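A lone chain, given as structure tokens: the form predicted on its own.
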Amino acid sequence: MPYPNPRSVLVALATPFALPAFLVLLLTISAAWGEDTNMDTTGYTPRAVILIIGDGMDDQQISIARNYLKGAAGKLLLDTLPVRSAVGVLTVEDTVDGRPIYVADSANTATSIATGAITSRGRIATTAGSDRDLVTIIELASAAGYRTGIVTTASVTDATPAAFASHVNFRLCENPDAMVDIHYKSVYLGGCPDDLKANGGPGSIAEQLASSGIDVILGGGRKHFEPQIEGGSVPVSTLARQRGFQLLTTKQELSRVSPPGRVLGLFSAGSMPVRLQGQNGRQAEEAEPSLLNHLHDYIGDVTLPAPMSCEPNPEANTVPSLREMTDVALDLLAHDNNRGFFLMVESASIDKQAHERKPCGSIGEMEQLDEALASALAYADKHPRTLVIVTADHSQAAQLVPAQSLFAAYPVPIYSPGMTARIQTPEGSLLVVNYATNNFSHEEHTGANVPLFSNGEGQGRVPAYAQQPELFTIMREYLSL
């Protein structure tokens, strides 16, 4: 029979303020249609969307990585894509009529991309103030018979992947033991009591993923699947097996996977190890002004952080790379599939390493993203009805600053008031990266536009400037949801 068009049934579900009751309807539709993704689709050309998110990947991070990995005159694969756009990031206070906030976090920005709604920081696919669940692009795609997948180098319960497949009011509610009164070093951070199953909620992020209809979930976060399910006596990982997932925990197990089947891969306790690290574990450091310079800014001298190199992180060899996970996900999603799929791929630690002022780590994770992009483009070359989008959720703290100040001719000790890393590049030059958003242990996000790149399928679909919720619309319309 011809494939049914779900638009008339799902139009209400695509609104930013869809009620939880609609989710029940969506899951019912998904169960009916999702049982057979290989139904007769005569006359239908399968479509796919591959969304690649570099967490914190702004133009500063891209430029830093390009200079180190390819040289000043070189190009990343990212730079060769035919469509480039700018994306405005939108955030509001956590009230029904919230005023704008100009710097976002990964939870609310991933929610914007995944649902088309603007929400407040920390929220996972829920509305600001009113705390209503928002239908995600993965839920819509699954209901329409598409296969779906999530690949990340973070925990699969982390904010970005979570926003595509779960609903809680606070991003740290990642497992059944972290739902109420979440503390860190005696500091109260929040909780999700209304999301407890006992209170009629969907449960923790891990439980929602384990119960989901997603076909492929690959990344870190094993520790979040070890606690017992709420009100039960088995761990979340057992729930996932009961719901049809094959559970993988090692790089070797991933290499042996073959279609068909649903797969949950958890290759590290938390976020996966990064590819590169600073020499001897170094990160950005403060300059050391002399005593005379402390007395007056224009006298004395300053000692800058010693140059360092980037070196491989041996722990990265113990887990699959982002490209290896992407390749497996593409293989599983595309196998004997006449409908198509939606896949979200995240290089998460561009952001996480920038928070820790570790530019070498961010550079290595940019390289991982570029490699995953190569796999996505190779797939798209063989399957022309494939939209590949590469973007970021928000901008980050790192800045590329001069190795020698423009004002060095003046007899004044000039140095950054923040922390800097002076990195020796393969070209023999110094690449200087600065972090200066605060005086805390971790840097913060910034509020600039983020880039968006696309393959040829984005031409005529991706505008020169878009607001982040529009990305959801672009993807939804491409899949005719």
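The structure displayed is predicted, hence computed values, not measured ones. Residue positions are given as counts along the sequence shown, with the first one as 1.
Keep in mind the form predicted together with another copy of the chain is missing from the figure; the text below concerns it.
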**Q.** in the model of the complex, N438 touching another copy of the chain (heavy atom, 4.5 Å)
**A.** yes
Q: Find out whether any non-hydrogen atom of S405 is located within 4.5 angstroms of another copy of the chain in the model of the complex, and reply yes or no.
A: yes
Q: Consider D336 of the chain shown here, and say whether it contacts another copy of the chain in the model of the complex, taking contact as heavy atoms within 4.5 Å.
A: no
Q: Answer yes if any heavy atom of R84 is within 4.5 Å of a heavy atom of another copy of the chain in the model of the complex; otherwise answer no.
A: yes
Q) Considering another copy of the chain in the model of the complex, which of L90, V257, A380, A374 comes within 4.5 Å of it through any heavy atom? A) L90
Q.
Just to be sure I understand the contacts: of A397, A165, L330, A144, which is the one whose heavy atoms reach within 4.5 angstroms of another copy of the chain in the model of the complex?
A. A397
**Q.** another copy of the chain in the model of the complex: contacting segment from 135 to 143, 317 to 325, 204 to 212, 103 to 111, heavy atom within 4.5 Å
**A.** 103 to 111
Q | Those residues of 406 to 432 which, in the model of the complex, come within 4.5 Å of another copy of the chain by heavy atom | A | L406, F407, A409, Y410, P411, V412, P413, I414, Y415, S416, P417, G418, T425, E427, G428, S429, L430, L431
